[in-house]
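Okay, here we've got a single chain as C-alpha cells, the form predicted on its own, with questions on binding and movement later.
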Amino acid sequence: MGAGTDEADEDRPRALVVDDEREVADAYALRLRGLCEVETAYGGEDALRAVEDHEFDVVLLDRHMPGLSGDEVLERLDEGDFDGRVIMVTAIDPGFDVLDMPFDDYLCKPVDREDVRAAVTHQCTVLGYEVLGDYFGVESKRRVVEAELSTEERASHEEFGELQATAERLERRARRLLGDAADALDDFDAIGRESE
C-alpha cells in the first residue's frame, strides 16, 4: 500500500484508491493530490486492511480485480458498517446488477482529472453533512448535560465522557470534510441550552 500524504493534507478529507493495476491506482491518486489525503491499495485484501487500520472518507474502488473483486470488497465494506462513501471507478459497464450494490457513485474508465475530483468533492460534501447531523445530535445532549450538571457529576459519569469524545471526533471530521462550509458549527454554538 502506498501513501501520498504530507503535513498540509492532515486537515483534508481522506481517500483510498483501490485498483490492482498500480499505474492506474497511482494515476488516480495523483489526480486527487491537493484535494485530499490519498492512499493506494493494489488489491481487495489490501483495501480491507487499509480501511480497518485508518479512517477513510471516500474509497475509489475498481470492480474487476483478481483475488478479492471490487464487488466483494464493496459487500464487505457494507457488512462492516464502513462509514464513508464508495465510488466505483471501473471499466465494467454497469448493468441492472448495480441496482442492488451499495455504492454511492459509479464512474466508467477512463475518468478525467476534473470528473474524479468533482465526484470525490461531491461525496465528501454529502458525507460531511451526514456527519454534521450526527454531531448536532450528540453535541446538543452533551451541552444540555454540561449546562445542568456540575463538573464533578459529569467527570464521574463514564457515558458522558464517551459522549464528549464522540462529539469531538464528529466535529473534527465535519470540519475536515466541509472546510469553510462548516459555518453551521459556529451557528450551533450560539444556541443557548441552559435553563434560566
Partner chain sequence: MTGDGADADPIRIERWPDPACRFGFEDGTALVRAVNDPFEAVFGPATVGEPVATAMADLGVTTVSPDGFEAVLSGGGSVRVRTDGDAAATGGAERYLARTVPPEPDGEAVLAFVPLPEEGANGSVTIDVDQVASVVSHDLRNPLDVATARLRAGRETGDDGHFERVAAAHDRMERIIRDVLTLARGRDVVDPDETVALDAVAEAAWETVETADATLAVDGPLPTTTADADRVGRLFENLFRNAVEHGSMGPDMGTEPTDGVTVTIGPLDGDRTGFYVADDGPGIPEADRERVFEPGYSTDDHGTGLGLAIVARIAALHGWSIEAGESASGGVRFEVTGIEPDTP
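Predicted model, so just to flag it, every value in this text is computed and none were measured. Numbering follows the first chain given and starts at 1.
From this point on, the text means the form predicted in complex with the partner chain, which you will not see here.
At a distance threshold of 4.5 angstroms between non-hydrogen atoms, Val145 is out of contact with the partner chain in the predicted complex.
Residue contact check for Leu35: none of its heavy atoms lie within 4.5 Å of the partner chain in the predicted complex. Shown alone here, Gly80 lies farther than 4.5 Å from the partner chain in the predicted complex, counting heavy atoms only. A residue is said to contact a partner when one of its heavy atoms sits within 4.5 Å of a partner heavy atom; Asp11 fails this definition for the partner chain in the predicted complex, lying far away. Partner contacts here mean any heavy atom within 4.5 Å of the partner chain in the predicted complex, and among 129-137, 167-175, 154-162, 45-53 they occur only in 45-53. Taking the partner chain as it sits in the predicted complex, the stretch 110-129 comes within 4.5 angstroms of it through a non-hydrogen atom at Pro110, Val111, Arg113, Glu114.
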